[in-house]
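Take a look at this single chain, the form predicted alone, given in structure tokens.
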Amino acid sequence: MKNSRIVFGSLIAAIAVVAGLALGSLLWQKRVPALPKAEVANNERGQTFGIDKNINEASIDKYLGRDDVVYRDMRMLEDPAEYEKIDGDRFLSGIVEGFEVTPLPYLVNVEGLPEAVGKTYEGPTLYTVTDGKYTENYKESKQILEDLFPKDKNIFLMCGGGGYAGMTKQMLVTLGWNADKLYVVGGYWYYEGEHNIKIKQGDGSFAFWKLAYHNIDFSKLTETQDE
């Protein structure tokens, strides 16, 4: 009899936990408005980089801190490309709160940069793109990409000016991600909101320890040609 009461009590507790989680999820959905549909802006940056019409540098503050979104900044900590020559910044001197650094040049070879800035990183990459086709360079490439960009979440992509973010969306869509869940929200260089985390210090040094940074150690990966 005693054991029956214990089992029954445990069952009731389990039901209460499940009900509580379901209620919490329902309340969260009611409290947090649905995201607007991903839609490219009808302007020069929209047509060039795919910047979103509704969620971009001007409006991003309203969409931060959501559980249904992952936030990815596609810049390098220091990019070999000289973005200063087009009024940008080769250093990741600041970031919008909540975004995690996931450098695009480590994911795939970058092509088509403005001639003035020169070339970016040319080392190992998870993928190589040739004529629009993406080839895995490592056995772990797909798993890493799926971990960094979970398909069950909405994904906000940002960089310096918008180019790396747009290239990332193109890559993910080509590899099977849902375009409706991918938002190119613009470039940090254009951000004037209230959630700006400064990384460049007054003495010219950089507080990179403030960043959530996804490092890829290529020395620990297995090249596909080794199969």
Partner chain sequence: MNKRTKKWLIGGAIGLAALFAAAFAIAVIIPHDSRVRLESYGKSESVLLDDKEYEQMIADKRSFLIMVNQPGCIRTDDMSTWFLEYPEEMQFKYYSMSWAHAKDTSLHNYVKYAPSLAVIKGGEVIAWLDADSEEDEKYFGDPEELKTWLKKYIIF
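Worth saying up front: this structure is predicted, and the values here are computed from it rather than measured. Positions refer to the first chain, counted from 1. Note that the rigid core is defined as the largest set of C-alphas that superpose within 1.5 Å between two forms.
In what follows, reference is made to the form predicted in complex with the partner chain, a form of this protein that is not presented.
**Q** Given that the partner is absent here, does residue 63 sit within 4.5 Å of the partner chain in the model of the complex, heavy atoms only?
**A** Close contact is absent here: in the model of the complex, residue 63 is far from the partner chain, nothing within 4.5 Å, heavy atoms only.
**Q** With heavy atoms only and a cut-off of 4.5 Å, decide whether residue 161 touches the partner chain in the model of the complex.
**A** Yes - in the model of the complex, heavy atoms of residue 161 and the partner chain come within 4.5 Å of each other.
**Q** Does any part of residue 86 reach within 4.5 Å of the partner chain in the model of the complex? Heavy atoms only, please.
**A** Residue 86: yes, in contact with the partner chain in the model of the complex.
**Q** Although the partner isn't part of this model, could you tell me whether residue 195 comes within 4.5 Å of the partner chain in the model of the complex, counting any heavy atom of the residue?
**A** Residue 195: no contact with the partner chain in the model of the complex.
**Q** Only one of 64-72, 168-176, 51-59, 197-205 gets a heavy atom within 4.5 Å of the partner chain in the model of the complex; which is it?
**A** The contacting stretch here is 51-59.
**Q** Quick one: from 98, 114, 124, 80, grab the residue that has a heavy atom within 4.5 Å of the partner chain in the model of the complex.
**A** If I apply the 4.5 Å criterion carefully, the residue I get is 114.
**Q** Would you give me the residues of 167-201 that have any heavy atom within 4.5 Å of the partner chain in the model of the complex, in order from first to last?
**A** The stretch 167-201, when checked against the partner chain in the model of the complex, contributes 189, 190, 192 at the 4.5 Å heavy-atom cut-off.
**Q** Once everything's superposed on the core, is residue 84 shifted 2 Å or more at the Cα between this form and the one not shown?
**A** Yes: residue 84 shifts by at least 2 Å between this form and the one not shown.
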